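This document opens with one chain alone, in structure tokens, the form predicted on its own.
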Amino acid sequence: MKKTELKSYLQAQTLCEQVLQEASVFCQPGVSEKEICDLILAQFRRQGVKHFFHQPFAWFGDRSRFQDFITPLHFMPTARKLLKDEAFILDAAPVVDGYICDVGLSFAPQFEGETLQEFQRGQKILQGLYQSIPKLFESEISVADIWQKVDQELRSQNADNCHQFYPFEVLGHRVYKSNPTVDFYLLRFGLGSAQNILSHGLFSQLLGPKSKSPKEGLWAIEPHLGLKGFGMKFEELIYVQDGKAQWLKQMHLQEEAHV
């Protein structure tokens, strides 16, 4: 993939992070998941975004750990209102000038005491995974083994692996350029934007416990852990080529350092 294309994916990711960060300011006690998702959608529209790989999601408090999610409907934004001092996750996947990104961010108010310590512990675990996941892609193990390694790490840290509740238990999925001609959404996923993944065969495009996909390519990876009363995750794009794996954000910082 050309550097110019990777830069465009990074620009899409940066825009998405910016929109989610701005929306997090409005996540005040009393606002609902649906209201925040509508606000995020409106912010993207103002930025000129017309299509989405998936429309925004918001999960508040205990819902952010997916504990009782059984069907895809449980993932949909609800009228559930944010309570004081609750953690939450925002997730969006816009198509920016044909380039898809998928971003998930965890947020928390000014926690205190044991809850603050638990949130900080979760941050430390995610930071460790941010460092280790590229190395796992660079190793000789399969993508299914990557899922197992992340699962083992979460459990060793006394954190729940929330991917067991995801459809197909996915830890991530491939990302392609998309120029959707239709704007039809099923369970908030854009069928036009997802056509490239579907055309390659859905299961070969997912990183799950039984995946047999080759590792090379562009991926959206989202480690998601569950702690006492809430869940946390990050989601970013990672590029794997010729046995090397890097988060796009890290690639950009390295290039800037050499300028």
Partner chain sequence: MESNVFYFIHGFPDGAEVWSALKDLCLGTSYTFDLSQIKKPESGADLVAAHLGVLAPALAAKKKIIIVSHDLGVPQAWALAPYLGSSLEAMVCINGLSPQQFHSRLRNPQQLLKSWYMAPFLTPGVGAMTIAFGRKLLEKKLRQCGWQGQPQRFSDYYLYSILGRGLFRKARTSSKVLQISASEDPFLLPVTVAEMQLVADRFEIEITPGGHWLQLEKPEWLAQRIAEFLKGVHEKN
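Numbering follows the first chain given and starts at 1. All values derive from a computational prediction rather than experimental measurement.
Form predicted in complex with the partner chain: not shown, discussed below.
- Contact here is defined as any heavy atom lying within 4.5 Å of the partner chain in the predicted bound form, and by that definition not a single one of D85, F111 and E114 is a contact residue.
- Although the partner is absent here, K228 sits far enough away that none of its heavy atoms falls within 4.5 Å of the partner chain in the predicted bound form.
- Contact annotation: Q195 falls outside 4.5 Å of the partner chain in the predicted bound form, judged by heavy atom distances.
- In the predicted bound form, the partner chain sits beyond 4.5 Å of every heavy atom of D62.
- Within this chain, F203 is remote from the site of the partner chain in the predicted bound form, having no heavy atom within 4.5 Å.
- Look at 186-194, 27-35, 207-215, 51-59: in the predicted bound form, residues with non-hydrogen atoms within 4.5 angstroms of the partner chain sit in 27-35.
- Residues of 39-54 placing a heavy atom within 4.5 Å of the partner chain in the predicted bound form, in sequence order: L39, A42, Q43, R45, R46.
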